[in-house]
Ligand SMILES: Nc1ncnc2c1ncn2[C@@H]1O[C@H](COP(=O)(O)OP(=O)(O)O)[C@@H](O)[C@H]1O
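The chain that follows stands alone, in the form predicted on its own, written as structure tokens.
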């Protein structure tokens, strides 16, 4: 197994209050790492640190190191980092433009693709990758905000794929979706790991058990344990983990 992301002695702070303490954790290439834990356990802070989304927050600071392959993320240009490490948020946020333009906006701005035929092929390819092509191929010029919530979330995933990332961060991607749309997103994530490394933060313990190769349990800003998902859910090493996954708290 090859480590795609390495986190060493990471501590994160807001207004000098520690919210993530001395984290050491690796993410293996082409795996889905599930991250579970109750609210305020540091999950989203961890996720947003991986592509420096927390840089926008003046109250945020950190100690320790995060490596993408062998590159310290602080040594990588932010725009380059966020192209390599794409992120999907809890609520789908389509741009107020057509389905087609949602997908082509970033590649055109970054200069990845310029010819119309190449853009057309890319749009079809990423929409097929998220099982959306057959649903929208006849209305690519329609505003993306008119799509259903589940379709919007798959469009946002397609938009991430269009910039050809190496890692995709999912922050509660199904929190606002119905069970059918949730199942489609979960099936999609499992398919995507063949090409991408995925980190999934979820409050849905059952979702983590269904899609994650390994699962990490966070509690009050600390990593309690991480293990293969089947092992962690059947025989966790820590009582806190067992109490959480069996619903005794959280």
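Worth saying up front: this structure is predicted, and the values here are computed from it rather than measured. Numbering follows the first chain given and starts at 1.
Missing here is the form predicted together with the named molecule; even so, the following discussion is about that form.
Going by heavy atom distances of 4.5 angstroms or less, which of 45, 182, 197, 51 would be at the interface with the named molecule in the predicted bound form?
In short, 45.
Check residue 207 for me: does it contact the named molecule in the predicted bound form (non-hydrogen atoms, 4.5 angstroms)?
It does not: once the named molecule is placed as it appears in the predicted bound form, residue 207 has no heavy atom within 4.5 Å of it.
Is residue 64 a contact residue for the named molecule in the predicted bound form, using a 4.5 Å heavy atom cut-off?
Output for residue 64 is no: heavy atoms all beyond 4.5 Å of the named molecule.
My question is simply whether residue 26 lines the interface with the named molecule in the predicted bound form - judged by any non-hydrogen atom within 4.5 Å.
Flag for residue 26 set to no.
Is there any non-hydrogen atom of residue 16 lying within 4.5 Å of the named molecule in the predicted bound form?
Contact with the named molecule, no.
When the named molecule is placed as it is in the predicted bound form, which of 64-72, 51-59, 189-197, 207-215 ends up with heavy atoms within 4.5 Å of it?
That would be stretch 51-59.
Select from 26-42 the residues with a non-hydrogen atom within 4.5 Å of the named molecule in the predicted bound form and write them out in sequence order.
38, 39, 40, 41, 42 sit within 4.5 Å of the partner.
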